[in-house]
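In the block that follows, a single chain appears as structure tokens, in the form predicted on its own.
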């Protein structure tokens, strides 16, 4: 499988950037991190858990091999054997040549954590890989487009450079479309202070999957939700999670939090965007060293609550085709939401078939970890999606549902690449399609 480096940045480090990289590693060496770096026995179990390795057979995709890029530098600086007998310890200095050799291994990873749950001793290879990316970013060696998307988010509020004006144009379009179904008095509230909830979509949904945003807004209306959107913070995407830029990740999350506080909401509803949900709900309190002043929920979690509370009435007969479900890694394995999407599908579709394996053992779609924003690895990404394609084909389903726009984009490309005759839908689209008139 190719591991092209056409868009790689391999500029040489200065003494200052080298010192900065070491300083970052010093800060990242928590007790769990040191444990993960020390205890790997290289048993190889993680290799069978990785979709990239299963498809390619290339050792560069074995999770422990990827983690060893950082592990051998750690040994050189922090262990007695690595300092005095580096050739015996397999230790390496942190140099330009060493770090340039990391790039293909470290960035060709979806950070899905399937290797983690299969590791006999629980080593979190994704945490090690994310730390290696932090060092590569600090050294100026991150993939060009992934770095660009993070800069865009800081400069314009959106990795796809969606401006507030473009966002408001889309909202006006959504409003007109929904008025045809919900009545001329339907309006989408913007910048309304004191609302119960702030709904934050993702730019990928706004520009590529607008129907999902409209479905979500219809569900808000049908459930009688007290909500608003913001013309200031209208894109919940946080690509700094992927490129390793800790300061940018913290800054993007801080801006989202500040806007929620300005509007005085009690809850932030994250759209169908797996990494954004994980970043704001689980990571942001760690980045900011304090709990959030509001609740963060995934939209699927919220709609499930409304269904259980009787605020939505659904007719599964409205979705007759056979449906299967892909668990997004950041919502499922990394977020714990397994039952909610399945119960929503159970109430929304007539025929549901599980993939095998599923839930925490689900195969990654292949597009996470920033892979969609690294065109130099497109061939690797699509080849690795063969594991998911095989799962889907085995179900015989005609509709593939998921709860993440990033997954939805990748799964559409997967279906085309592997010749699957399926339609990819979001959970919210299927639920909205099942709404009854008296909902």
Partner chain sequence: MDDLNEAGVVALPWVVGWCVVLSALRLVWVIRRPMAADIAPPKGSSAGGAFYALTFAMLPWKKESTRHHWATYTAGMLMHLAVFVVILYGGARWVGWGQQVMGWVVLAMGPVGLAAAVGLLVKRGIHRGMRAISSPDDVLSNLLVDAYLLGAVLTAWSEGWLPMWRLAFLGLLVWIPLGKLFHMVLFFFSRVFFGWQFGRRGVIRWALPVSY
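Residue numbers count along the first chain shown, from 1. Values in this document were obtained by computation on a predicted structure and should not be read as measured data.
The discussion below concerns the form predicted in complex with the partner chain, not included here.
Although the partner is absent from the chain shown here, 26, 333 and 361 each have a heavy atom within 4.5 Å of the partner chain in the predicted bound form. None of 254, 118, 168, 351 but one reaches within 4.5 angstroms of the partner chain in the predicted bound form through a heavy atom, and that residue is 118. Here is the short version: of 378, 393, 398, 42, the single residue with a heavy atom within 4.5 Å of the partner chain in the predicted bound form is 42.
Considering the partner chain in the predicted bound form, the lone stretch of 276-284, 214-222, 102-110, 144-152 in range is 276-284 [heavy atom distance within 4.5 Å].
Among heavy atoms of residue 88, some come within 4.5 Å of the partner chain in the predicted bound form. By the criterion of a heavy atom within 4.5 Å, residue 246 is excluded from the residues contacting the partner chain in the predicted bound form. Taking the partner from elsewhere, residue 193 is found to have every heavy atom lying beyond 4.5 Å of the partner chain in the predicted bound form. Put simply, residue 412 is far from the partner chain in the predicted bound form: not one heavy atom of it is within 4.5 Å.
Counting a residue when any of its non-hydrogen atoms is within 4.5 Å of the partner chain in the predicted bound form, the hits in 68-99 run 68, 74, 78, 80, 81, 84, 87, 88, 89, 90.
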